[in-house]
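Single chain ahead, written as structure tokens, the form predicted alone.
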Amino acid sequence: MRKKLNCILLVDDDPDDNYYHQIVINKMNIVNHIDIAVNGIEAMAYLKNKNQNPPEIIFLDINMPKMNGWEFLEEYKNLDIDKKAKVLIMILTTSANPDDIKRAKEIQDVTGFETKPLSPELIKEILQQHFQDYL
């Protein structure tokens, strides 16, 4: 039996996208639980929670109210290392703006930039590249 990820965090304000992405992830049976934050503020609170283990993967939208993905990433770089240790951040957005893609590549904490929706193929690719023990 293969090892499962403990947690994937979806950071997106669109309930339809979150619902669909949960279905895709759950069908693959790769994670114990999926958590959702609807903006960067909620995601930061989630990561700062002392009783919370950091997720292995964060799928981060860019365009959200209150605190967008870019603002989240600015705050994220100031987190204690133990809150970031296992986290891979993948920007998952509707934006195909070349400036956004370039900006994402310049941020050390960002692993990749993909357009919605999340697909089983993308998840498999992420697992193959970053989580070999989970295949």
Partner chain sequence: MSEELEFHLQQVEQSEAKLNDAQRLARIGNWEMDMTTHKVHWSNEMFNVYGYGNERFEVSFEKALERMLPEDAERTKARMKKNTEEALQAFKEKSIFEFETAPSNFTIILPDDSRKVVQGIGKIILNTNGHVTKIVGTVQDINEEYKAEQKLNAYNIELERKNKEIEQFAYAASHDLQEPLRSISNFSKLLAEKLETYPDKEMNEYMRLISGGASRMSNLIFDLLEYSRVGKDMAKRETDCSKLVHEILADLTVVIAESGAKIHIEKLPVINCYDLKSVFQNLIINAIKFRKKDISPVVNISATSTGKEFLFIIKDNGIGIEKEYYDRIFIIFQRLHLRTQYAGTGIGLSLTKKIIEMHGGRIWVESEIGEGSTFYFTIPIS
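In this text the structure is predicted, and so the values were computed from the model without any measurement. Numbering follows the first chain given and starts at 1.
The protein also exists as the form predicted in complex with the partner chain; that form is not presented, and the subsequent description refers to it.
Residue 97, heavy atom within 4.5 angstroms of the partner chain in the predicted bound form:
Yes, residue 97 is a contact residue.
Hey, in the predicted bound form, is residue 105 touching the partner chain, heavy atoms inside 4.5 Å?
No, residue 105 is distant from the partner.
Residue 27 versus the partner chain, in the predicted bound form: is there a non-hydrogen atom within 4.5 Å?
Yes - in the predicted bound form, heavy atoms of residue 27 and the partner chain come within 4.5 Å of each other.
Residue 114: heavy atom within 4.5 Å of the partner chain in the predicted bound form?
No, residue 114 sits far enough from the partner chain in the predicted bound form that none of its heavy atoms falls within 4.5 Å.
In the predicted bound form, segment of 88-96, 30-38, 68-76, 52-60 with a heavy atom within 4.5 Å of the partner chain
Going through the listed ranges, the match is 88-96.
Judged by heavy atom distances of 4.5 Å or less, which residues of 7-36 approach the partner chain in the predicted bound form?
Contacting residues: 14, 16, 17, 19, 20, 23, 27.
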